[in-house]
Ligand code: GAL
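Before any questions on how it binds or moves, here is one chain, the form predicted on its own, in C-alpha cells.
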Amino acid sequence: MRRRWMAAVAVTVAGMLTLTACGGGGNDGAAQSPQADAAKKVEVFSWWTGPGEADGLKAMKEIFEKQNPGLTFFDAAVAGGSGDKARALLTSKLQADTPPDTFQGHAGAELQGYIKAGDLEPVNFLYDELKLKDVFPQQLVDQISVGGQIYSVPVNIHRSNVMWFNPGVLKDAGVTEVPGTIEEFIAALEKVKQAGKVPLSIGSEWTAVHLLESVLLGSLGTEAYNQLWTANSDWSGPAMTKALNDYKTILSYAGDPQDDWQPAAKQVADGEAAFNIMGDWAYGYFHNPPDGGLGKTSKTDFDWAPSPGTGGTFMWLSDSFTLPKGAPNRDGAVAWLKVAASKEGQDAFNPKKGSIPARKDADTSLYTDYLADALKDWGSNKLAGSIQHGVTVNDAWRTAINEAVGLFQQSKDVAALQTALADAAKNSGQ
C-alpha cells in the first residue's frame, strides 16, 4: 500500500510527468524504437546534474557501458540540490506504477519510507553473490534494511557538517582562528560583516535546513541531537529554544540567497563570502578542474573545518541505488547495481563527487586532501544522521521541517518555528 502522503504530492507534480529532466548518458534525443530499444535502455534516476556529482556519475556510466555493451545508460537526472524536485517527480512515477529501472535514495528513514510503501525489491541476492556484507559497514547495512531484507546498494558516505571558508577573507577581517564553537562563529561573522564582505553564503531553501541541522548538532551536542529521533525527544525544551535562537542569529548574517548550493559555495571560493555550511560534495565542486568544477586550490582559495560546535562528530548521509518493483529493465538495473557496488565503480565515482566510498576496501591512495580527512574522521568520530538528506527523518517529516524553516526565513519567529518543529515530530508517523 502506498503512503497516503504520496497521493497529495502526486497531485502537485502530476504535470511534471511530461518532463524528461537532463536526459543524456548515450541517449542523443532520437526517439526510442519500440521493444528492442526499451530492452537495451537502463533508466537511472538521480539528482546528480551539477559539477562534481555529474562527473562522478559519468565515470560510473563509462564503466557500466564498458562492462555491458548490450545496454545503454539513460541519465534521468533531475536538477535541484538535495533532490527535493527529483523526489517529488519520483513519487508521482511510483504512484502511477511507472518506476525508473533504478533510482537514487538516501540511506536511512527516507529509504525506509519507500520500503514500507512496497516500492522496492530486496537485493539480498546481490549481497550474497558479491559478498557485500563483508565490505559495507554494518551500521550502513542496518539503515537500508527492514526485517532482515536489504533494499539498496550504497555508493558513498558524505559528511554534512562541514564549514567551508575563504582563508584570505578571514585574514582581511581580522579573524585569526578558525571558529570552533557557535559563539566563536558568531563573533567571526560579525567581523566579516564589519569588513564589508558577505559573512555567510546560502543557497535555496533546502540549504537553510542543511544549515539548521549543523546548528542543532553544534548547540545541543551529539547525544541530545541523536535523541531528537527517539521516543525521548525534546523539541519544546529550553535547550532547543537556545539552539533555534543561535540559528536565528547565524542566519541573520547570511547574504542574499543564491539559486542553489553551487553559486553559494562559489561565493566563498571567489572571495566574495567568508563561510558556507555545506556537505562535502562541495569539495568536488571546488577542487575538480574547470571543465567539471572551479579548479580552486585548497588551503588557499578554500579551506574546511567541522561546523561550529560539531568537532569530533561526523554527521553522515549515504547515497544508494535501488531495485524498484516493476522496473521495466530489471536485468539492466541489476547490472547497474553491480557497478555501483563494485570497488572499481566507487573508486571512480567518489573522488570526483567529493565523497568517500561506502566500501571498506577502497584504494585509499585515491582519497587525498579533504577526502583523506573524511576517511579518517568516518572511522573515528561519533556519528549523527542528517535531517535534510534522509538519515533521520522520512520524507513527510522532512517536508514539514522544510516548510517550517521556509516560514521562519520570512517571520524570524523562533517560538513559531519551535512549535512547528515539535508538531512535525509529533505528526511524523515515524
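For every residue, the number given is its place in the sequence shown, counted from 1. No experiment lies behind these values; they were computed from the predicted model shown.
Quick note: we don't show the form predicted together with beta-D-galactopyranose (GAL), though the next part is all about it.
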All of 47, 81 and 317 with a heavy atom within 4.5 Å of beta-D-galactopyranose (GAL) in the predicted complex: yes
Heavy atom contact within 4.5 Å of beta-D-galactopyranose (GAL) in the predicted complex, the stretch among 400-408, 60-68, 361-369, 47-55: 47-55
Close approach of residue 286 to beta-D-galactopyranose (GAL) in the predicted complex, 4.5 Å, heavy atom: no
Close approach of residue 106 to beta-D-galactopyranose (GAL) in the predicted complex, 4.5 Å, heavy atom: yes
is_contact(residue 158, beta-D-galactopyranose (GAL)) in the predicted complex, heavy atom dist at most 4.5 Å: yes
Partner proximity in the predicted complex: residue 281 to beta-D-galactopyranose (GAL), non-hydrogen atom cutoff 4.5 Å: yes
Contacting member of 253, 206, 127, 225, with respect to beta-D-galactopyranose (GAL) in the predicted complex [4.5 Å, heavy atom]: 206
In the predicted complex, the residue from 164, 321, 261, 185 that sits within 4.5 Å of beta-D-galactopyranose (GAL) by heavy atoms: 261
Any residue of 352-368 that, in the predicted complex, places a heavy atom within 4.5 Å of beta-D-galactopyranose (GAL): 353
